[in-house]
Structures are given as structure tokens and as C-alpha cells.
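To begin, one chain is listed below as C-alpha cells, in the form predicted on its own.
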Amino acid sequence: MDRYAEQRLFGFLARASAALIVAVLLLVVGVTIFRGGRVFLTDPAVAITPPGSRYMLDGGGGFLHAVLGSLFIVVPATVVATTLSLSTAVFLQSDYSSERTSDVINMFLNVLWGTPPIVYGVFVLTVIIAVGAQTSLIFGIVAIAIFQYPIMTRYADEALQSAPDAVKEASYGLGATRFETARVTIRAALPGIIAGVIMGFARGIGDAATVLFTAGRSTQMPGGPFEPATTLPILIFEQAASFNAEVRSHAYAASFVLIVAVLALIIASKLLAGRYARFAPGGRQ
């Protein structure tokens, strides 16, 4: 086979692979939106209605408790993880740590990134058992924050490293301190940092294994930080296996809400990244 034939073959395989991935994605999203959308057409209040007393048996009520549970867990966890990850990413820069120290920390971050989410859940569950507590919303926040931390840190680290050297040089040339220089560099790297925060939030809101062992499961509205709570992924997992057709239909409706939320987060990350790109040197005005 001559080189031009090889080029055409690999070009065809690359296009076929891309088409297959897009087709599978459209199929999954399309089926979920179609079946979940039909539920919302017949019962538009299902996502904003509290569950009934026998919710998992007769499907009465809605799944507002899971929507609120997801928000009450992921939003605080994202705030905590963003603070810790941004601090770590700044420390990893050459202004604060040596190359050897950065390499060691990055190695551990890679291990944490590749660790299955269920391991984080089991780890926090071990802590819960050790202190004699019970699964609750607060432990779900801790588990999700730990899960998000390496993701956001790697994004923030890459964004800070991609910031032009001229930013630091100009800052130090004007007599700024390391802290003031870090603030300027963060502002220049905002698009990448925002992308990491959005990605961490999306991964957190779509994870079930981490929350399953830490926040528990409940068919009640979240009652407080030390009470069990459920999230949309856990709700979908439980409802999809139900014998009740009404409950199974709610699983598609919850999947619809989750997919729309993730798509909205992706669009928001693009818009926010474009909005803050003007702060970076050479960015759009």
C-alpha cells in the first residue's frame, strides 16, 4: 500500500470514529430528552414538587428533594474545592515551589485524578464510621469537594502556566510582591480557571458513587446539614430499576434535568471564558 492510500485510509478511519462518537452522543441525549421531555409535557411540575409519602411505591409527587440535594451538596463543595485548588495551583508555580516539589505534588494529583469516585466515597464512609456519625449532607459535601479538588487544581495549574511571562515580569518590575503578582496572574488565567471550575461542578453534579456512601439516600426534602439527602444521579439509579412505570418515567425526567444542567454549564463556561478572556494579554476586548 502506497503512502497516499494509507493517508486516505487513516483519514477515513478518523472521520468514521468522529461520526460514531457524535452519533452515540446524539442517540443518548436524544432518547433522554425525548422520553424525559414527554414526562414534562404531561406533568410539568414534576421537578418542582416535593415527593409524596409513598413516592418510590406509587410515584406520587415529584423529585424536588433530589434537585435541592444536588445543589446543596455540589455548590458548597465547589466553593471549597475552588479555594483549595486555586491555592495549590498558585503554590505549584515557580514563585513558591521548586520544580522537584511541583513534580511530586503533580504526581499525587495525577493519582487522585485517576482514582475512581467510589474510592472517595468509601474513604469518607470510613471516617463517618470512625467518628460514630451517620451519612448526611455535610459528608456528601466533603466527599464531592475531595473528588473535585484534583480536577480543578490541574485546570488552574495549566491555566497559570499558560499565562504570558510578561505578566509576571511586568508585575515584579513595578515592585509588586509575590501575592500581588499571583493576583495579576490569576486574572490573566481566568478563562482556564473558570473552565476548571465549571468542569469540576459538572463532574460533581453528575457523580453518584461518591455521594451514595456519604450523603445516603432519602425520599424526604433535605432537612439540614446533618440529615441524609439524595441527589439526581442516585435518584435516577434507584428509579430506573423500579417496578412502577410512573417511577421509571420520573427517572427519564430526572435524566432530562441533569443533561440540560450539564449542557447549560458547558454553555456558561464558554460564555464566561469569552467574557474574561479580555483580561488576558492579547484577549478580545
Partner chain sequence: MDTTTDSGSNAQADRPERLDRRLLIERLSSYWLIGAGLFAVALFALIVLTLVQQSIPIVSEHSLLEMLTSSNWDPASEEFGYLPAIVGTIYVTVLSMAMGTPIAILAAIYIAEYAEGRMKVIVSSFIDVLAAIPSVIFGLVGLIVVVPFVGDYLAPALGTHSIGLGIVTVSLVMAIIVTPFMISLTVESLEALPDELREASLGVGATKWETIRSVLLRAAGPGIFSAILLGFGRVFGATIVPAMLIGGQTAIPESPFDAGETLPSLIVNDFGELMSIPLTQSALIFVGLLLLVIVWLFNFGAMLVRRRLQRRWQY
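Numbering follows the first chain given and starts at 1. Since the model is a prediction, treat every value here as computed from it, not as a measurement. Heads up, when I say rigid core I mean the largest set of C-alphas that superpose within 1.5 Å between the two forms.
Below, we refer to the form predicted together with the partner chain, which is not included among the displayed structures.
No residue in the set R100, I138 and L272 has a non-hydrogen atom no more than 4.5 Å from the partner chain in the predicted bound form. Residues of just one listed stretch (61-69, 46-54, 32-40, 219-227) have heavy atoms within 4.5 Å of the partner chain in the predicted bound form: 32-40. A residue is said to contact a partner when one of its heavy atoms sits within 4.5 Å of a partner heavy atom; L263 meets this definition for the partner chain in the predicted bound form. Contact annotation: Y120 falls within 4.5 Å of the partner chain in the predicted bound form, judged by heavy atom distances.
Taking the partner from elsewhere, G175 is found to have a heavy atom lying within 4.5 Å of the partner chain in the predicted bound form.
Interface residue remark: P76 is not counted as part of the site for the partner chain in the predicted bound form, having no heavy atom within 4.5 Å. Residues of 208-226 placing a heavy atom within 4.5 Å of the partner chain in the predicted bound form, in sequence order: A208, A209, L212, F213, R217.
A displacement of less than 2 angstroms separates the C-alpha positions of V22 between the shown form and the other one, with the rigid core held in common. In this overlay on the rigid core, L13 has a C-alpha that sits 2 Å or more away from its partner position between the shown form and the other one.
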